[in-house]
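Single chain ahead, by itself, as structure tokens, in the form predicted on its own.
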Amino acid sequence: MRMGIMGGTLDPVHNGHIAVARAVCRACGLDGVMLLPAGDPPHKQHRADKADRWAMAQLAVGTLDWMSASDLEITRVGTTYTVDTLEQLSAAQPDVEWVYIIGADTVDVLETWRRFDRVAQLCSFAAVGRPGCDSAQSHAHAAQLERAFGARIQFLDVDGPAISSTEIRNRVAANAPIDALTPPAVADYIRRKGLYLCAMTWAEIDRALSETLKPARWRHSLGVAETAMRLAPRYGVDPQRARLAGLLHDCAKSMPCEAMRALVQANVPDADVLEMTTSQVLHAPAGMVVARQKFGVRDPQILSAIRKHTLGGANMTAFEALIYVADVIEPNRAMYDGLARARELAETDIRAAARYCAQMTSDYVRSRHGVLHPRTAEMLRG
């Protein structure tokens, strides 16, 4: 039996992976191809954790009778090396001939793999075309590897769809569709789990915020995220994007006021004088910049919701109104006059709830003989 291996981070697995695997399977007369998501690879970083990448690999395989998925590297503790994987596979299935599927550009670095001399004994390679790859150089290097290590490398005239995992991650972050790029079950999993919404995993976001925000502010942020996520489906908002906006809405709160002001002055050209001089609201535009620069948020809806969560504005979207209201009504807030009514309105009419919260702000500012910001005043006139 001859079995192909398609390894790598598979972050995420996509239609290009499957198309190439199918073509190699036919060209090399393989009995099947095994997807092998890496656990902790030495050469590549990954954006989704290994449990999610393993789940997506299983979903991608679906009902394909010629493809399988293995968690061999996912479950291994420590750095995962191909030589260890091949040793395990060969010991468990000694009658199988393993064919490792690689991009032709990888041929040029194969000897850097850990114990490549042993790898070359345990498997052969099927090298498929990659854009920009120097074919003559790769063929020459393959000949050197054959002489030095007995490596068996077959070059195939196989080109899959022009899809990359990086492109998919970027599209998800920008709130662009990916349904044509991944198997439907994988696209649905990415949406449900909120993968690739920014440059960090959920665990990394939690760690970064819990280490920089004061404990009470961190609890508040968790409360806003949970509230926004719960209410999101009622108003046509993606729950995971609402969760992210809720977590990050106060991400600049730990910064000194002067640092926030400098950040806003350099990056938010429409920040007005009142916003720049009012410390209680300056963290909102500063948070938008921090979310973009530190956390890698690219979705304009998320960034706008963070920016508007203190002052609001005219014609707010349901997403913006949701974060504005969630900031006011989250369950960690101590009870005060009007809070119960705001929570009640949020369950049925998020824009009415936003106007009610704006009116409470207006009443408070008036009682303190302050000046209501024009953006909040616009909400009340709308």
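All residue numbers refer to positions in the sequence shown, first residue = 1. Just so we're clear, the structure is a prediction, and the values are computed from it rather than from any experiment.
Missing here is the form predicted together with a small molecule; even so, the following discussion is about that form.
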Can you check whether Gly8 is within 4.5 Å of the small molecule in the predicted bound form, heavy atom basis? yes
Does the small molecule get within 4.5 angstroms of any non-hydrogen atom of Arg169 in the predicted bound form? yes
Flag Ala199 as yes or no: does it have a non-hydrogen atom within 4.5 angstroms of any non-hydrogen atom of the small molecule in the predicted bound form? no
Contact label in the predicted bound form: Asp84 to the small molecule, heavy atom within 4.5 Å: no
Honest question, do Asp105, Gly129 and Gly160 all end up within 4.5 Å of the small molecule in the predicted bound form by heavy atom distance? yes
The small molecule in the predicted bound form: contacting segment from 138 to 146, 161 to 169, 71 to 79, 184 to 192, heavy atom within 4.5 Å: 161 to 169
